[in-house]
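Below, in structure tokens: the form predicted alone, a single chain.
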């Protein structure tokens, strides 16, 4: 956080009568749960591989309604090849060179996406701040990086199979612009990150030691039917979305 942001938030805390010591008390995500409810939801997520593959089948069914395109890969490298093929066969929305921006995520580094895209001349930029440089300057650089990209690659912390909603936690190297600005969003997760529904997903959130400053729920590409009830994709965000599920 730079000095201007620190000053801004200090003024807010002063106005609210809070200080850094009061922030240590964490409010529960849900304060109306019945005793044992959270434990029961978490226990429900301990599934066999077959049960998780059943969830994947459910996800594919609901994703079609959302225009969310599901792909499966048997390995992380195979997922990288799938994304490279999507990049190769997808045109940029406004012309110009093809660039990809990608979250700084250990799972995504295993995709070898730079190697798979090299033969097609598609550049892959990592969305990470250099800690040795000015923070504000680095944030502006990442903003321009997202604006220059036609495809954004993110991880996904969980996905609810019965509605196709993925949850993406924000944080260092995981800026929201990567999923919101480029024309095409590709999210990647492993089979064990599938849950049945939103109650199980919220239970995973509640079970974390801490929550990030923000997180996004994303259900397919941007869509609106404001004008004459005609569905249009890409009006306020990505026009196309793919979800890669690694089943290894």
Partner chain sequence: MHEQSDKSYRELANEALGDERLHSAIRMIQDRIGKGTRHLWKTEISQELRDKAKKARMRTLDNLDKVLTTLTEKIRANGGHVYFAKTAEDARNYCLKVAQKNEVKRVVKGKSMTSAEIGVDHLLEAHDIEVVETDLGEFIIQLAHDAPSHIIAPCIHMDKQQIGRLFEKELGIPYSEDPPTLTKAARKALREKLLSADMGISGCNLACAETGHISLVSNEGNIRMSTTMPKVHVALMGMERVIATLAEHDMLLRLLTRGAAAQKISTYVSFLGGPRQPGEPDGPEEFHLVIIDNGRMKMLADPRFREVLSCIRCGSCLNICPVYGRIGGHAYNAPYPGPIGAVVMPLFNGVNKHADLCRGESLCGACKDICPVNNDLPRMLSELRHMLAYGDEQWDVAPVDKGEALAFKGWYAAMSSRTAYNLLVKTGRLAQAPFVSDGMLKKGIGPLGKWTADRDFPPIARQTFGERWKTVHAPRLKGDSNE
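Quantities reported herein were computed from a predicted structural model and do not represent experimental measurements. Think of the rigid core as the biggest set of C-alphas that the two forms share within 1.5 Å after superposition. Residue numbers count along the first chain shown, from 1.
This next part talks about the form predicted in complex with the partner chain, which is not shown.
- Only one of 96, 121, 115, 172 lies close to the partner chain in the model of the complex, with a heavy atom inside 4.5 Å, and it is 172.
- From the list 132-140, 106-114, 83-91, 67-75, the contact stretch for the partner chain in the model of the complex under a 4.5 Å heavy atom rule is 132-140.
- The closest non-hydrogen atom of residue 125 lies beyond 4.5 Å of the partner chain in the model of the complex.
- Looking at residue 213, you'd find a heavy atom of it within 4.5 angstroms of the partner chain in the model of the complex.
- At a distance threshold of 4.5 angstroms between non-hydrogen atoms, residue 248 is out of contact with the partner chain in the model of the complex.
- Using a 4.5 Å cutoff between non-hydrogen atoms, residue 33 counts as a contact of the partner chain in the model of the complex.
- Residues from 148-187 that approach the partner chain in the model of the complex with a non-hydrogen atom closer than or equal to 4.5 Å are 162, 163, 165, 170, 171, 172, 173, 174, 175, 176, 177, 179, 180, 181, 183, in the order they occur in the chain.
- After superposing the rigid core, the C-alpha of residue 11 moves by 2 Å or more between the shown form and the other one.
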